[in-house]
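Given as structure tokens, the chain that follows is alone and in the form predicted on its own.
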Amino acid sequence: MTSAITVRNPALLSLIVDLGRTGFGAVGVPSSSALDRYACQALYCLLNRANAPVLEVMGPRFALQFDSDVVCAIAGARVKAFLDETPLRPWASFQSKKGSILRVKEITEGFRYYIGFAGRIKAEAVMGSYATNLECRFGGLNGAPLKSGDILHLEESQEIETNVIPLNLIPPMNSPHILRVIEGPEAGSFNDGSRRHFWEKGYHELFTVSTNLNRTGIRLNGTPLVFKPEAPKSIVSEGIVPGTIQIPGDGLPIIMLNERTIGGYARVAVIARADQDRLAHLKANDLVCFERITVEEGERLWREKQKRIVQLQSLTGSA
């Protein structure tokens, strides 16, 4: 059975994403995955899907209209959403009816939210992923953001019971954001005072998220880090991973996200993988501080997060 969903309002930006492309960094192709992978996996649990394409949305006033009955779910940022006039619970699935309209009127916590369906959005897989790469213009729906009037065709639609993610498995997304980091390859390029105020407990420098942010990176404002006199302010471009914090010549951090594979600025730190989903929810004027941890602590935090994903699967019956 195939059904269609019409985009009535795409909000600030809405894209088709999934868990991303892997294994192509060496040829310059980034993952372009959902920025909040945990929220994306929560959708999969609610909808009994595995790595299916979903929608990543920024901003309120997003609206969809359904031409048939289909089970949907919302996760990620906490939102005030309505199916026609009925309020919907975030991090839960719900049954839509033919002709009904889903509207997201307000975001109350976080920044990006995710919408999925008990069916597979018809889209072209490129390098094993449906994720939209805006720069290269492939994946998703014609490699572009969704726009008003776009029609999403659903294949493999199925009837499933609705479900809810428990509150204890929904992470916080509000400012201030404390992000744990592991020392980067060029951390030694900065003087002792800068490093101490950047990541040591009791000395934390608070940075402010600038208005210069997108899926490629997030620029921060605050007290610049100071390079040692002999340290170069740029490096030969090298590979970077999501969560890398680069410091350009002005000393102000740039957090790299999921759309680059190389960089040419000093890498002071890398955000622990367990904290990277929170980067989806940094918005202009939010406060951010960093806390240094060891590689071993980062691995422990990641194992704990994987356990929460197993809990999601067991609670929703998708294990």
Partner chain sequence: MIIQRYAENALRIIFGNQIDMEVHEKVRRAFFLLISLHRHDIIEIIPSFCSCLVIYEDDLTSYQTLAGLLNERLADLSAVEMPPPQVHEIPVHYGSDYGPDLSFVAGHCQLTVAEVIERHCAEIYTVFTVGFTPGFPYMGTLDERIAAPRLETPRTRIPAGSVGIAQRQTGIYPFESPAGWRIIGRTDIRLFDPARPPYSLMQIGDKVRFIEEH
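Numbering follows the first chain given and starts at 1. Bear in mind the structure is a predicted one, so any value in this text is a computation, not a measurement.
The same protein also has a form predicted together with the partner chain, omitted here; what follows describes it.
The contact with the partner chain in the predicted bound form, taken as any heavy atom within 4.5 Å, belongs to 185 out of 145, 185, 222, 248. The partner is absent here; in the predicted bound form, the one residue of 152, 179, 71, 240 having a heavy atom within 4.5 Å of the partner chain is 240. Remark: residue 161 does not count among the residues lining the partner chain in the predicted bound form, judged by a heavy atom distance of 4.5 Å or less.
In the predicted bound form, the partner chain sits beyond 4.5 Å of every heavy atom of residue 49.
Taking the partner from the other structure, the partner chain in the predicted bound form has no heavy atom within 4.5 Å of any heavy atom of residue 227. By the criterion of a heavy atom within 4.5 Å, residue 167 is excluded from the residues contacting the partner chain in the predicted bound form. Each of 135, 244 and 273 is positioned with at least one heavy atom within 4.5 Å of the partner chain in the predicted bound form. Residues of just one listed stretch (196 to 204, 168 to 176, 80 to 88, 125 to 133) have heavy atoms within 4.5 Å of the partner chain in the predicted bound form: 125 to 133. Scanning 27 to 47 for heavy atoms within 4.5 Å of the partner chain in the predicted bound form gives 27, 28, 29, 30 in sequence order.
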